[in-house]
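As a starting point, one isolated chain is supplied in structure tokens, in the form predicted on its own.
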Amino acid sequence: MSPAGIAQAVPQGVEYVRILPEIVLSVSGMVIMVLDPLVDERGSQKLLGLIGLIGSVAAIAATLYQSQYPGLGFWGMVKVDAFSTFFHALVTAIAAVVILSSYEYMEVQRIRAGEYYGLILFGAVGMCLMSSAVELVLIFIALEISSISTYVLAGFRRRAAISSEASLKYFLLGSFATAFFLYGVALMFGATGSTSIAVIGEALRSNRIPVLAYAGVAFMFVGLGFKVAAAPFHVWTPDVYEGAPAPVVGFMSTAPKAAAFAVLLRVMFEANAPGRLGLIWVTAALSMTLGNVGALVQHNVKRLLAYSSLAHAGYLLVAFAALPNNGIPAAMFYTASYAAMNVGAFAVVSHLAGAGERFVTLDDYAGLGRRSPLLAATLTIFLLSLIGIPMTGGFFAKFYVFSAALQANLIGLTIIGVLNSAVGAYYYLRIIVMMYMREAREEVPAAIPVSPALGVALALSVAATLYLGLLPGKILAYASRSAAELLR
């Protein structure tokens, strides 16, 4: 039976279960937008943020419920399986933690909260849909839903010129990259006669691969490479990360990347994309090298973490170059580990930045170990995980990625990755040295107490980082089952 036939055989009620998390997020976002004009600025901060938090937690519950009804829906355009469930849960969990870490930030920056929380939820709708869509046109629509929300969020510090500049750069370059992805979809349709990933995969396995298919894969890879900030499509990353609000950067650097990597996994492996190994090998090596070298010379913490994000995209792409049975689980585990530690790191940065984000340089972190020992220890855990120190999620993430590469006989790429990990350790340790071995500047205010919401966000991030470092077996086993389903 064709995918369309399978979808038509599903009862109508179950059809909507296929997109239940997206429905929950959309309704929550619309409630926030309707209530925003009706409440005063002070009341909107807590009320609308609470609605956003409830909506994201409800979406996690909807994802768990949805996983009991695997299969295709809406004429074979949406697929619920263990793979999509993993990324749905990850994206909605990131949204919940970012909302928690935004309460204090929005109050300190004196930004009206209304549409901010709505845009986070609407962005999560697109990202969730990207992970379950198995039709290229629907993936493009979901990509646009995600992108438009993040373009606006990047410029949310309206009184800061650097934020408006970041939003404009992100929009212009993002629109250009989206056009590449759409051209790639058109070329793939011309090569195979379909935009369904399953049909494309069958066509490319059974027939002689046309030149159009290679061109289509290359164009789509450019569009998705922009979303994951992989070299050489990364030029927007440092400026946008520096200008965007710190919690938004934590969101942008994790959730859209997770969704884009989910699409890449489907396109590269389920659709059996031709010529993928060469593209991924070069991009991974460039991303790791340029990211780490660029981070070495940064003095602004947000720009440093931007180049760090580029390097981690390179590490993750190493898993894409490996054999799918090992590479897909490694990539999924790495995505979850990176999300936990990076969202937590930017939550700390948002707390320390102060009004107008004045305190975001390395010198501003001097003496933090004495001013706020608990906050410094929390940031240290995230930085050690980014390095890949044992007992943290980052250690097993890199271990699984490089192991998958070695099993695929990618010796050269593995050596480049290991050397880059050693280089990356320098600039992460540099922040730790500033916190514990340098005297605080007089201009930097004394430590501000952490709000309860931010405390919960940091606690969840630390718990996830340590859990993935101490007990990685369950997540990796689930990722392995997801890979088996995807490949089958």
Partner chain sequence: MVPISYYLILSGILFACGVTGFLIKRNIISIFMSIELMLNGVNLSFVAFAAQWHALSGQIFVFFVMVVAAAEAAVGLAIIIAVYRTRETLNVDQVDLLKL
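Positions refer to the first chain, counted from 1. Just so it is clear, the structure is predicted and the values come from calculations on it, not from any experiment.
What comes next is about the form predicted together with the partner chain, which does not appear here.
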TODO: Evaluate residue 175 for contact with the partner chain in the predicted bound form, applying a 4.5 angstroms cut-off between non-hydrogen atoms, and reply yes or no.
DONE: yes
Find out whether any non-hydrogen atom of residue 380 is located within 4.5 angstroms of the partner chain in the predicted bound form, and reply yes or no.
no
Open item on the list: So, residue 243 and the partner chain: in the predicted bound form, are they within 4.5 Å at any heavy atom pair?
Closed with: yes
task = Find out whether any non-hydrogen atom of residue 164 is located within 4.5 angstroms of the partner chain in the predicted bound form, and reply yes or no.
result = yes
Per contact check vs the partner chain in the predicted bound form (non-hydrogen atom within 4.5 angstroms), the hit among 395-403, 137-145, 412-420, 337-345 is 137-145
Of 281, 180, 359, 214, the only residue with a heavy atom within 4.5 Å of the partner chain in the predicted bound form is 180
The one residue among 407, 195, 325, 289 placing a heavy atom within 4.5 Å of the partner chain in the predicted bound form is 195
message = Counting heavy atoms only and using a 4.5 Å cut-off, do 208, 269 and 276 all touch the partner chain in the predicted bound form?
response = no
Looking in the predicted bound form, the residues of 374-400 with a heavy atom no more than 4.5 Å from the partner chain, listed in order, are none
